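The chain that follows stands alone, in the form predicted alone, written as structure tokens.
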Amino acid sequence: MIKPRIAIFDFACCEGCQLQIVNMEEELLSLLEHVQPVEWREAMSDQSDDYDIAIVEGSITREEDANRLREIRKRAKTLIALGACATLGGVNKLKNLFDLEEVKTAVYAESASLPILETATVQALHEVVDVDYRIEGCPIDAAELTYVIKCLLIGRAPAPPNYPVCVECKLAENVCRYDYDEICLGPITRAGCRARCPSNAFWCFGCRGPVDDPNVHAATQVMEQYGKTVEDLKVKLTLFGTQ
């Protein structure tokens, strides 16, 4: 059997999602029986322009990165966006709230004018190229990556959850974070993380992006019940919802 060739690339990110892949340990070894990695800077020195599946982490913050992503897209039969930076633009998109020249000066001071430090408006992958599949989260859930790869191996399209984190939170029998007088984005955020943050005493940060058809009415009722406002919600949405 010819194994699909997989290349993993990264752009502007912390590479935490790739670290989740490394952390799969024995499960990763099992997966490698069915696929052949040909490029993965974090784990191997080999490089290749010949691959079937490109897994890309990180957001696009420079025009040269956008051009590199377009080349990756041309070579890949399938392109998977890995993690919140790739699927949403991630925390990096907070930069879009400021003047780019001010951002460069704040970060690089007197070196801000150097050509090698050029920057641009942050974009998620789908804002530059067509993306076939998305693996949400900051960081990703390794089990979801395994699920997506296995689906591709058997020729089936992955079907990610399209219901809110609140569903998983209730299944875990968690106390609602609103009962702790917190703003939680669980009512409008796509599930699939097994309510990781609420299950560990944090409110949902919205790192998996919104469900396709969020129940705005129910979310509004929750906010009103706990004396919160839409403006309160918007502040929390800024972290992973900046455009």
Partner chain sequence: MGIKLVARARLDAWVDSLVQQQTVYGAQAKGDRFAFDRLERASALRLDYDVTILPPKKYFQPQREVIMRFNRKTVEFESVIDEEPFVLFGVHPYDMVAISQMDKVFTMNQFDKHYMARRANATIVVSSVETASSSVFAACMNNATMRGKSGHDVLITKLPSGHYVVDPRTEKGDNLCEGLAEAPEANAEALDAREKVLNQNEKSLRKYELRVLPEDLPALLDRSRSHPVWQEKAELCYSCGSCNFVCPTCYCFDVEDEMGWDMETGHRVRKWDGCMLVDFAAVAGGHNFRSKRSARYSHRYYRKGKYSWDTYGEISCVGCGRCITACTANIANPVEIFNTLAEAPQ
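By rigid core we mean the largest C-alpha set that fits within 1.5 Å across both forms. Keep in mind it's a predicted model, so treat the numbers as computed, not measured. Positions refer to the first chain, counted from 1.
What comes next is about the form predicted together with the partner chain, which does not appear here.
Taking non-hydrogen atoms only, Pro214 approaches the partner chain to within 4.5 angstroms in the predicted complex.
Although the partner is absent here, Gly192 lies well away from the partner chain in the predicted complex, with no heavy atom inside 4.5 Å. Though the partner is left out of this view, Lys170 does reach within 4.5 Å of the partner chain in the predicted complex, counting heavy atoms only. Taking the partner from elsewhere, Arg70 is found to have every heavy atom lying beyond 4.5 Å of the partner chain in the predicted complex. Residues of 179-199 that come within 4.5 Å of the partner chain in the predicted complex, judged by any heavy atom, are Asp179, Tyr180, Pro187, Ile188 in sequence order. The rigid-core alignment places the CA of Asn215 2 Å or more apart between this form and the one not shown.
Once the rigid core is used as the reference frame, the Cα position of Asn23 differs between this form and the one not shown by less than 2 Å.
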